[in-house]
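Here's a solo chain for you in structure tokens, the form predicted alone.
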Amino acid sequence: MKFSYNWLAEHIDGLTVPPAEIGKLITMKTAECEGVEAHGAHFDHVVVAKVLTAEPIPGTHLAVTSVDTGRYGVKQVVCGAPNCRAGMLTAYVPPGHLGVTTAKLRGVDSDGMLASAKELGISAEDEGIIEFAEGEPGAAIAGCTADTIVEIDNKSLTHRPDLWGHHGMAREVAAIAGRPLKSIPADLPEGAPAVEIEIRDAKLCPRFSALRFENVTVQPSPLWLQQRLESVGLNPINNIVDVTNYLMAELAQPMHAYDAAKLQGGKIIVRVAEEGEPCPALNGQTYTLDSSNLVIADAGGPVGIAGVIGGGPSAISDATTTILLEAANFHAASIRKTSTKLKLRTDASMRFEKSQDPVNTVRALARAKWLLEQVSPGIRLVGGLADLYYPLPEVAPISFDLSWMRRKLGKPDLTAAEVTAILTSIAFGVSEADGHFTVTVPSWRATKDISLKDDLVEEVGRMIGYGNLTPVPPLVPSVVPPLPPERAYLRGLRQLLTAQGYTEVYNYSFVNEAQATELGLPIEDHVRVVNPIAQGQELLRTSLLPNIKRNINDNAREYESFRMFEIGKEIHARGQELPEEIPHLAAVSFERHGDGVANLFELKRLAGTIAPSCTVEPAEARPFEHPFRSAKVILRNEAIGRLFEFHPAMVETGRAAVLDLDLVKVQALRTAAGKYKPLRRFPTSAFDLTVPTAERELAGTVLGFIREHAGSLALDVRYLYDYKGDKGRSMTFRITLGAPDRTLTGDEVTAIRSQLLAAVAAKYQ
């Protein structure tokens, strides 16, 4: 948002604070200033000049001119403008400004430049050099002066619709600088309205005001008006439209002018659009509306989309002689929805979205009447003000005690006089008696901004300056809250996985229908997002696997092998209740080459690290799993997840195994932290045992059988390897024996080994 320092100064009596300092003060006390830049410094040097002679240069479109510049004398200037001619008054730019130098063009010396309105930064007009109707050579360009632009971050003004105009910002600057703010008259002559107004939904349009003017002359605006609009980023169009834009930038009140001759029925109707109703707009587009859009209409249909853009057929043209000037107030959320739905953001919609002050409409029309009389000589007001107003509920007076304000601000020496002076300077009504304040809120701060006494603390605090408040630590003891058990567990789990070479990935909690369908996840089980943040993110995930699969394929193109994991939440619908969110772990081990067996053993090992004493049991493969490499992970006789390899058709290259654990179940079933055990004092004995097995026998089943029959002295039973030969398959295990109070004898070890051999022989031979 750009603010002209000169424009601000016109609203403040005796402003002397320099622009750079104003920018710093605004940042500290009102809104974030993004920069302060000089604008139009060349106007201190550009002068009116008279073209004495203009002779064409043969073979070119150029002319060599003799120009009386007054201040700089008579100069020879080469000019290529089509309208350059002897006797005209134009603008002369001396060398050293706007990049102009003394040069030789087509062999002719040129000292300076004759400039167009665009080159001077007055307007976008560049079809020829600027022409003046009157003026003396050497005089400054009337109404065009050097300025400074203060740029404010729009986001810091979101809650302050009054600051979207120069008058509102001037109020802040006046309070900061300690200078009085000049008032803007809001008086209009009495008379019967020249147009009838009907508002069908007062909630969507609390106020609609209008004036009718005749004997209008549509022409270019005076240079001062064009230059001022250009300085704040608005394009001059014609005197009528420029006045509406000027007031939008001055009072933050969007306005619109209709060609009254093009309106039908003598009545303006504010209503919701009909389903499928078209509205041709000023930008040449025709928008198809529905009942969520508010329109301004006449007897023939919409003449504008309320708060967003005017209609094309009723637009001002060079032939316009009668206008209807509108200033209205609309419901902020309604305008925001319309603007978003139509993908049409305008200067007007951005202001209405902030909840404008309904009182501002009449003030803007009164100011517009004065301006139109300056820029369109002979213009006449027809009748009086047409104004239909449904007042909004007033903000109740706010009460507080000085002691409360002191405590909230941490400023024990704050006086009642200081509080009164600060609030009065920014136009609050203040009544104070014995330290008790009653404050009334001005209309432009009552639109969702100020309603509580805590809001007034901010007003007083920012005007004092937060840098002037002494920081004091709280008087109550502060302690770090305990870490929630779930967060502590997940943090530890992340540390465990990264320490073992796994890289964490983060995915959005959204999937699309194609991803869900590919893995056979029912679409109807997903929660659908009404307003997805991007295309392809319309479903809340019920599994981490769709995005994990995408991660695998993305990384498989770059790496021979990798390990990664994600800890995230599955989101499951629960009818009318809020969805259930279940934390899950998905860990991946990938190899581009090989048979993939190592990946499964790696993740089985990882599962044992995360959930000690868990076991793995074969399970029926799901459609996206390898048909012979899928299993359930069991802990305390309850399934806590799955270990599987993605079906080869799902992975573009290589083999990828996945461990998917329900972390809620893992936390609930895991054992308590182990107790310290001293080192063994006596040695152990170990022996290997090879067991002939069936082709599809599970190592875990055999290991469990051996553990069951090894007796109480068996400290550990561990699978080593299996062997497949001509005589079938066998598995080898290592059994470690030991006693806590002695060294086992050879006879004891032999007896246990013989006992196991007999049990295995009976079971597997």
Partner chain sequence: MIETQLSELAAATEARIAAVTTADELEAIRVEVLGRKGKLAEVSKDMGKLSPEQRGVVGKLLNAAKQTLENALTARKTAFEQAALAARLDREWVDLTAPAPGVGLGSLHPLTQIQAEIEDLFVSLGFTVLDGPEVETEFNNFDALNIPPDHPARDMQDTFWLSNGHLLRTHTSPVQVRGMKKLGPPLRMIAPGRVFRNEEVDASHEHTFYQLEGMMVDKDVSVAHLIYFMKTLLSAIFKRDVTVRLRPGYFPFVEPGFELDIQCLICNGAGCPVCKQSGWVELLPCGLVHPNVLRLGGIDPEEYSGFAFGLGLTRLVMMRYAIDDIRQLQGGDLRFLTQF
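Numbering follows the first chain given and starts at 1. The shown structure was predicted, so the numbers you read here are calculated from the model rather than taken from an experiment. By rigid core we mean the largest C-alpha set that fits within 1.5 Å across both forms.
Just so you know, the form predicted together with its partner chain exists too; it's not on screen, but the next bit is about it.
This chain is displayed without its partner chain, yet in the model of the complex the stretch 575-583 from 435-443, 275-283, 663-671, 575-583 comes within 4.5 Å of it by heavy atoms. This chain appears without its partner; in the model of the complex, the one residue of Lys453, Lys632, Arg636, Arg622 with a heavy atom within 4.5 Å of its partner chain is Lys453. Contact with its partner chain in the model of the complex, defined as a heavy atom within 4.5 Å, holds for exactly one of Cys144, Leu603, Leu540, Val270, namely Leu540. Taking the partner from the other structure, its partner chain in the model of the complex has a heavy atom within 4.5 Å of a heavy atom of Lys354. Not displayed here, its partner chain is approached by Leu469 to within 4.5 Å at the level of heavy atoms in the model of the complex. Although the partner is absent from this view, Glu513 stays clear of its partner chain in the model of the complex, with no non-hydrogen atom inside 4.5 angstroms. Heavy atoms of Leu475 reach within 4.5 Å of its partner chain in the model of the complex, making it an interface residue. Using a 4.5 Å cut-off on any heavy atom, the residues of 498-523 that reach its partner chain in the model of the complex are, in sequence order, Thr498, Ala499, Gln500, Gly501, Tyr502, Thr503, Glu504, Val505, Tyr506, Asn507, Tyr508, Ser509, Phe510. Comparing the forms between this form and the one not shown on their rigid core, the Cα displacement of Thr346 stays under 2 Å. Relative to the superposed core, Leu540 shifts its CA atom by 2 Å or more between this form and the one not shown. Annotation: Cα of Asp187 displaced by less than 2 Å between this form and the one not shown, core superposition.
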